[in-house]
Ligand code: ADP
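Below you will find one chain, with nothing else, as structure tokens; this is the form predicted on its own, and questions on how it binds or moves follow later.
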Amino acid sequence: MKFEDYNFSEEVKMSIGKLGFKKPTDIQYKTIPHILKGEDVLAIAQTGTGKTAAFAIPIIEKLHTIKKQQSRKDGIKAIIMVPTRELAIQINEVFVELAGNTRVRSFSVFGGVEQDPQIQKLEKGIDILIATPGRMFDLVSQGFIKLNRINTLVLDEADHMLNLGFIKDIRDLIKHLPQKRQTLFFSATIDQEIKKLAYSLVTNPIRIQISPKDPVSKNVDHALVNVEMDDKRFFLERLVKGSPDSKFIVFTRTKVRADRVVKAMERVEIHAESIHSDREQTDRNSIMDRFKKGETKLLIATDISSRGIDIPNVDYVINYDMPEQSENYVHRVGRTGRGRERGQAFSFCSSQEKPLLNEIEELIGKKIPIVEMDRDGYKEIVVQSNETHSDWKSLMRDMEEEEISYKKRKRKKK
């Protein structure tokens, strides 16, 4: 079935055509009819399979039909809750493109920037709000956002939105919403506990669930390199210099390590930029823009960028540090191999990270292929690095500080 065969309005079909969408992906084909009917949906699908368009297209179609029949402003009708600012911006861009030929208007609000411009936009009237919880509740408490006419609630990255960090916010939000509404959950991963929580938040039974056996896209090739913590920068240098025209996203465990990897790459004359929550939102936007355009080829990130962010033509995802939560492996490697593209995921695993590797392999249901390397090959990569090794005291101090910080976090987690 093609999009032109759907009973969509001509305006929505035009927007879909402009984006080059011809046939719906599996997640779109199975969920769009249920969303159009007003049913509650829990959709679990691999990263890069078009989940955003799966809920954006039917929401826009329904609102466009309503707006053709009325001229007055009637308040916000749909709200999409997301965990990060970058994801809020990206999803709004999709809504803007898909609604370009209609009178449906969307807008995103998030923290880290001045609220006054956001308030001015809200006062002009919008139909769809994409928001992170903190800023949205601030604006609700100030009276700038009214939730009494919401008829559709979407939780994107639902597993993250329903975890301990956000569940109170979501429960508070639902108290403000009309009882009669449609609730949609979309994510790449979800466990039984979160699934039960999702069921508890809806009045109607959830009608559909799409759960792939393998949560990771088949377009991604996986490889594992056994590398000790102190040597990871040498292996990253070798990979980047071996593919100078490729685009890399490198994931680290902490913000401090992300910045230190940038410095390590600078020492070997490789340009890199880091993105994490300590950076101002304007800086984060600029960094992401340069990376999308290919002006920056190497982006060092924490897990803030592993959720849902759609960046075209990412050739490699590097797990510089193994993720401490196994499901984040799925979200990280999902930044490559999107749509019909192929991608490569490399993981640098130290001896102390082996338990994390075991959890990841259990989650994805398979072993990650190991790149075999003898001692001489390993030593050659370290010795041939362009790093000057001139400031060993500074390097050792950095590594010691990071190791102390890592052990403290492990004790706190226990």
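None of the values given here were measured: they were computed from a predicted structure. Residues carry their position along the shown sequence, with the first being 1.
Separately, the form predicted in complex with adenosine-5'-diphosphate (ADP) exists; it is not shown, and the next lines address it.
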item: Heavy atom within 4.5 Å of adenosine-5'-diphosphate (ADP) in the predicted complex - residue from R135, K292, R338, K247; value: R338
item: Site check T25, T47 and T52: each within 4.5 Å of adenosine-5'-diphosphate (ADP) in the predicted complex by heavy atom; value: yes
item: Options 364-372, 343-351, 60-68, 25-33; stretch whose heavy atom lies within 4.5 Å of adenosine-5'-diphosphate (ADP) in the predicted complex; value: 25-33
item: E327, heavy atom within 4.5 angstroms of adenosine-5'-diphosphate (ADP) in the predicted complex; value: no
item: Distance check, D310 to adenosine-5'-diphosphate (ADP) in the predicted complex, heavy atom within 4.5 Å; value: yes
item: Any non-hydrogen atom of F8 within 4.5 angstroms of adenosine-5'-diphosphate (ADP) in the predicted complex; value: no
